[in-house]
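Coming up, as structure tokens: structure 1 and structure 2, two forms of one and the same protein chain.
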Structure 1
């Protein structure tokens, strides 16, 4: 699949585009479905030009957050603003492009015909040829959409999101149907678009994508922001290292009180300690003669994500 990395010239913007202020702002936003709060007091600010990844377990509130951002749902409480105004105004002005998971192929319509139709609905659209090139569809422009593979159809959704030449690009699980090579080319295109000064917000289940391509990672859990920072920030917050060793029948009760230890997990006959100070933890284990099979490794983003989104303890009645 072809992909560009920002070699095309930056497009012109309408007057007032790229003005100072937040591209995305949630202020105490709540969205309830009966007694269930899918979003619970969410506060988040994204500056123009940032690339931000949205992470969360299934049911954490990611999809509802994106629907609120795009004006597809009204908040129960709080306010959502895009470029200082309501989401609906930014969408109507073509300042927002979205690539959502849902969507059915349009029968008997070619890729170029679809993009020509979509660009015609925007006040300052991207050139159709440029959208095709950025989405890696240059060789598929004449192909009928209902005859494309799953990965090719995903690239068409990306091209449609680009068609209005948006300042904010919202991508919901954008690489779910792509193979490794196509995924790499897709992110090359996204980075090229972001380098023009555009804002990108994407949700993903691929933690390596979030770590590699996002300036910031926002972890949503139970409808709230559980963590916000770079991948390195999140790893530090969750505990900087993982120390594991063979228990060999040793008691586990003292482990939680060791210096630096934030969490203890027992896996069979091995203990895994998440620690913010691995040196202090290892010295304490040595004094307890608990260094059999000792291993020390930096905490990965997956470890941090699991620590930050651990299920809440069940309440007893």
Structure 2
């Protein structure tokens, strides 16, 4: 396996597309706070229409990366481009909508008043009713935001991000305050919005969320891109799927030579094969008639994540 800083080329990356075609482009971006480098030489390109997850531990540099992307922080070094121009220009043109992490509700205004203001500030907004509906706020338009529950307030922030009808939607750990059902509804809305041809970039530390809702996962670790690819790509790097079956006394020697198999483990009468290509392995097992109690476990993205990131934040020399 390659070192932790290697990148898997993303399949969605169009060869030869110029910088002007990218929705988001980071080139060698560094952001230091004193001696600490929160973002350290980050290079990243996101094409229009992609849904990308920025996956990393707390403190990996996700929020700083998004603040740089939105022009809230100037980079110490390197360049950030949105739609080929500086972030401020894209923001000023209403092409970016964002849901920030720290946002607490603005006191003394209703949901509708806030959204009316936000749509009014944008050149090509959606109407307030549509934003309310997309964010699942139908019955709450007349309520004061500071009197909503945490989950409802979160949906208000989502509505604010959507209301300008942006081409690029940026969501910083968007589902933190949502319960399971609300989370489902939230991602349905995001998906619907992405399907209109918009670009979505969200940060998360939930592996399953990244896997399920993003076309592409960018693993960030210590301010760098540690890996970049689809969930399947990342799994493959960690050794793919885990295939297990009952041996029933069959010989174990040929197993290591089966297609795709990387490692073999025998537990009592059960064989566990770590494979990079579970389809080929299962087909080969079927030919050998070794399919009793066959199980294919979707290999841990968690394994992949742990393999791709450093075990604990430590000083780099």
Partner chain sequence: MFGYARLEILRALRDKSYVIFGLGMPVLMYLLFTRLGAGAGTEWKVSAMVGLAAYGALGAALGSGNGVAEDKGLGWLRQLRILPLSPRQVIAGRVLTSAVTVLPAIGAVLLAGAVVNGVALAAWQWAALVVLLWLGTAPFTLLGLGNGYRLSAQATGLANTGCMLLLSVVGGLWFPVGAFPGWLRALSSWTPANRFAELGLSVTRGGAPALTTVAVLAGWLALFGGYAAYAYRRAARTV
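The term rigid core refers to the most C-alpha atoms you can superpose between the two forms while keeping them within 1.5 Å. All figures in this text were calculated on a predicted structure; none of them were measured in a lab. Numbering follows the first chain given and starts at 1.
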query: Structure number, where the criterion is the form predicted alone; finding: 1
query: Threshold 2 Å Cα movement between structure 1 and structure 2 for residue 53, core superposed; finding: no
query: Large Cα shift (2 Å or above) at residue 68 between structure 1 and structure 2, core-fitted; finding: no
query: Flag for residue 29, CA shift 2 Å or larger between structure 1 and structure 2 after aligning core; finding: no
